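Shown below, as structure tokens, is a lone chain in the form predicted alone; questions about how it binds or moves come after it.
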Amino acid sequence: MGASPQTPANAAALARPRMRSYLALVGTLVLLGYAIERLNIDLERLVGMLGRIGTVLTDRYLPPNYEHILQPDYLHSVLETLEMTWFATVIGLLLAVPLAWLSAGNLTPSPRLLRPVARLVIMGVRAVHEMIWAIILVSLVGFGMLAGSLALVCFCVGFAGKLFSESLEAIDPGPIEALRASGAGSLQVFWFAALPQVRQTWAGISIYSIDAVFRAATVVGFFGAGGMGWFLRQSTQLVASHDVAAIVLSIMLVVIVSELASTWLRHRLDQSPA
């Protein structure tokens, strides 16, 4: 059979999505121009600033003081950051699992009561940046690792809880309906019908959560929550630019290593049988 003839109706139907795309692009550009105008962003000054970056780095930050980051105290802070990351990720994931189950519309045992509460908790901890959590918790429990660990737990709960919940709502409803028809309870449906379908997805999310929490852990100490960020804050306050450069480079190095490790783990997970 030949191709169907191009009618005016077909042409109009094909043109509508294209017109909507053009209008969306134009609207985005208009809003961008409006934002630049309202925020009084001087684009010429921005271009000039890019040209001064090399001079500022050379005059103030180079060469980095590598001896500063080889001190035992700083190396201990790196270990503290790793410990905070592991603690916050484990506790955060353990809290995110029941919250995700309760907030998933297709699985929650209480759509009218527990689901709104669980969703409110996930959205609430996600709405506040981990740095702000660190500031709030430092004022509540004082300076140190406890405030940083709790701030990272809040971050992990919001991050993993949302992804866990969305993956539960996207599963095949067939096994769920079959178990419910046989008289299984809500927890049994979650354990035997939902969890096997999201097991591999949740494992990937958990690995990514470790990576995301570690990135946040490297800087929450800047607000008094311990770890590598605490040394960064001290050097910044003392205007020790060469020390700051060495600390920033060490943070970048550790984050890169973490990224490579998480990428390798996710690759192994993708190759493993479901």
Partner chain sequence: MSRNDAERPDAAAAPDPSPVLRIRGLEARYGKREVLRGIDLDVARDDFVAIIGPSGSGKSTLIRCINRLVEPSGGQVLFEGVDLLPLTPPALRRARRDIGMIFQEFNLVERMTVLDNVVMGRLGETGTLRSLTRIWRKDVVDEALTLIARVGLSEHARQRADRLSGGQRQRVGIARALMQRPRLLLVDEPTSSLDPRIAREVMMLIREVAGERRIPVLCNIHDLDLALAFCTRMVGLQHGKARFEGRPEALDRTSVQHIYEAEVL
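Since we're looking at a predicted model, the values are computed, not measured. Residue numbers count along the first chain shown, from 1.
FYI, the form predicted together with the partner chain isn't displayed, but the following is about it.
- Although the partner is absent here, residue 180 lies within 4.5 Å of the partner chain in the predicted bound form, judged by heavy atoms.
- Not displayed here, the partner chain is kept clear of residue 139 by more than 4.5 Å at the level of heavy atoms in the predicted bound form.
- Though the partner is left out of this view, residue 187 does reach within 4.5 Å of the partner chain in the predicted bound form, counting heavy atoms only.
- Using a 4.5 angstroms threshold between heavy atoms, residue 200 counts as touching the partner chain in the predicted bound form.
- Exactly one listed residue, out of 150, 104, 193, 125, brings a non-hydrogen atom to within 4.5 Å of the partner chain in the predicted bound form: 193.
- Scanning 175, 204, 116, 144 against the partner chain in the predicted bound form with a 4.5 Å heavy atom cut-off leaves one residue, 175.
- Residues placing heavy atoms within 4.5 Å of the partner chain in the predicted bound form fall in a single listed stretch, namely 167-175, out of 167-175, 91-99, 76-84, 154-162.
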